[in-house]
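First, one chain by itself: the form predicted alone, in structure tokens.
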């Protein structure tokens, strides 16, 4: 991975994707939820539009495109560092999803549209149209790349009937038959669910790291009985458990993204998504335990990251789903389980 790209992205995110900006985008979208029922929920917030334009101008959304298409020609193994950094900054826009979608669309010979692209791995036919629930980042995206059977379908968010979902930036979307007929369609090169699970593993790795580091800093600064709470053995034990989960999850997420092109390995993704999902539950719980009640407050940055840990853990299948996929692959492989494990972990990520 080119360190110049990562350093440049870190500079952009440090300056433009601060906790204050993340809160502003979430608050603007949440305020829109309280408008009249006929209000168009697909209108993007002003702060989100500004942040997206800054990102678009830098070209980071095109990193997975070939160099002759204006990109950097990165593979998924290179994209891990980018997506990890987005997770460290609680990125409120579907930038990682847009990178992947643009890579797939260009590989299929389709011109990429302007604006952010959310992913919907399971489009369902409804009365001639299609719909799906809980599209991550749909409230701050202009497009949705969905999968229906063996096809990818590129649909405009503005052409959908939207309703709020559980997370403020997500939405349930429904498109009429006429919108579906005019949509761009291409054969799906692989499972969009697997691809989304792989990139979410990297986002989780980044958010896990920030959650741990902020908790460690808090434990070293917060004083009780005349000394930092991090000096108490019980707190040290919780920090040690967090560190173990974060380290293991980051290695698993690297394995999930270990691919030379833009198509992920399903078994490696299963391992990565299952392990990062497990860590998300444990690390979020321990972080709030160390912080006490203050970590849940809206004024405290911790909640920005632990809410995303729980959200991304459930995106593209929870850890129980992917544990089942990994288990079935082990049984189907036959022979020694150790050989399959070597096959999964024999990568540059694990070296």
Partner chain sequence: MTILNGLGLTRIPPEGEALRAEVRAFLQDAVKDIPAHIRAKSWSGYDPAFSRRLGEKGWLGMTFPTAYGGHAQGAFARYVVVEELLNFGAPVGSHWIAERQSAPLILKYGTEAQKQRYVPPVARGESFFCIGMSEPNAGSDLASVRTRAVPNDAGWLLNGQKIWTTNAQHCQYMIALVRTSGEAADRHKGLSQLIVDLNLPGVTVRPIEDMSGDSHFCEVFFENVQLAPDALVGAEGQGWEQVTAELAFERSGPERLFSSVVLFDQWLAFLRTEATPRAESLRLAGQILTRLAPLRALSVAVQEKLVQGQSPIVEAALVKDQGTVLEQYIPAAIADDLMAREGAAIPHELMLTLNYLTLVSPCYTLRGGTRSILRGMIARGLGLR
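Remember, predicted model here, so these are calculated numbers, not experimental data. Numbering follows the first chain given and starts at 1.
Absent from the display: the form predicted in complex with its partner chain. The rest refers to it.
- The candidate stretches are 228-236, 68-76, 139-147, 169-177, and the one lying within 4.5 Å of its partner chain in the predicted complex by heavy atoms is 228-236.
- By the 4.5 Å heavy atom rule, the three marked residues 133, 224 and 288 all fail to count as contacting its partner chain in the predicted complex.
- For the candidate set 190, 248, 125, 107, a heavy atom within 4.5 Å of its partner chain in the predicted complex is found for exactly one residue, namely 248.
- Though the partner is left out of this view, residue 44 does not reach within 4.5 Å of its partner chain in the predicted complex, counting heavy atoms only.
- Although the partner is absent from this view, residue 5 stays clear of its partner chain in the predicted complex, with no non-hydrogen atom inside 4.5 angstroms.
- Within 4.5 Å of some heavy atom of its partner chain in the predicted complex lies at least one heavy atom of residue 340.
- Although the partner is absent here, residue 258 is a contact residue: one of its heavy atoms lies within 4.5 angstroms of its partner chain in the predicted complex.
- Taking a 4.5 Å heavy atom cutoff to its partner chain in the predicted complex, the contacting residues in 306-342 are 320, 323, 324, 326, 327, 328, 330, 331, 334, 335, 336, 337, 338, 339, 340, 341, 342.
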